[in-house]
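Presented below, as structure tokens, is a lone chain in the form predicted on its own.
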Amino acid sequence: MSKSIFYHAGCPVCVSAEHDIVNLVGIDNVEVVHIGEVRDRIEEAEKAGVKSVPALVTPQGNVLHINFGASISDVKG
């Protein structure tokens, strides 16, 4: 993985964190994935170790859970 991936579900906490992450690392260095809209990427997020969103997966595979918007099981419905 060459850039970070920021997973979120579209809640206000997630959107605020998205703006902060993009401002911190730059839009060219992060892929933003709204798993509420792109539901086929939920399994990918789980395999990466995402337990709740918003979360940032670094290029090294580390998962940084940011605040707490929703558990991944809540997003799955």
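Quick note: we count residues from 1 along the sequence shown, nothing fancier. Here the structure is a predicted model, which is why all the values come from computation and not from measurement.
Although it is not shown, the form predicted together with a further copy of the same chain is what the next lines describe.
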query	finding
Distance check, Val25 to a further copy of the same chain in the predicted bound form, heavy atom within 4.5 Å	yes
Exercise: Val63 in contact with a further copy of the same chain in the predicted bound form, heavy atom 4.5 Å	yes
a further copy of the same chain contact in the predicted bound form: Ala9, any heavy atom under 4.5 Å	no
Site check Ile21, Pro59 and Asn67: each within 4.5 Å of a further copy of the same chain in the predicted bound form by heavy atom	yes
Contact set, 27 to 54 vs a further copy of the same chain in the predicted bound form - heavy atom within 4.5 angstroms	none
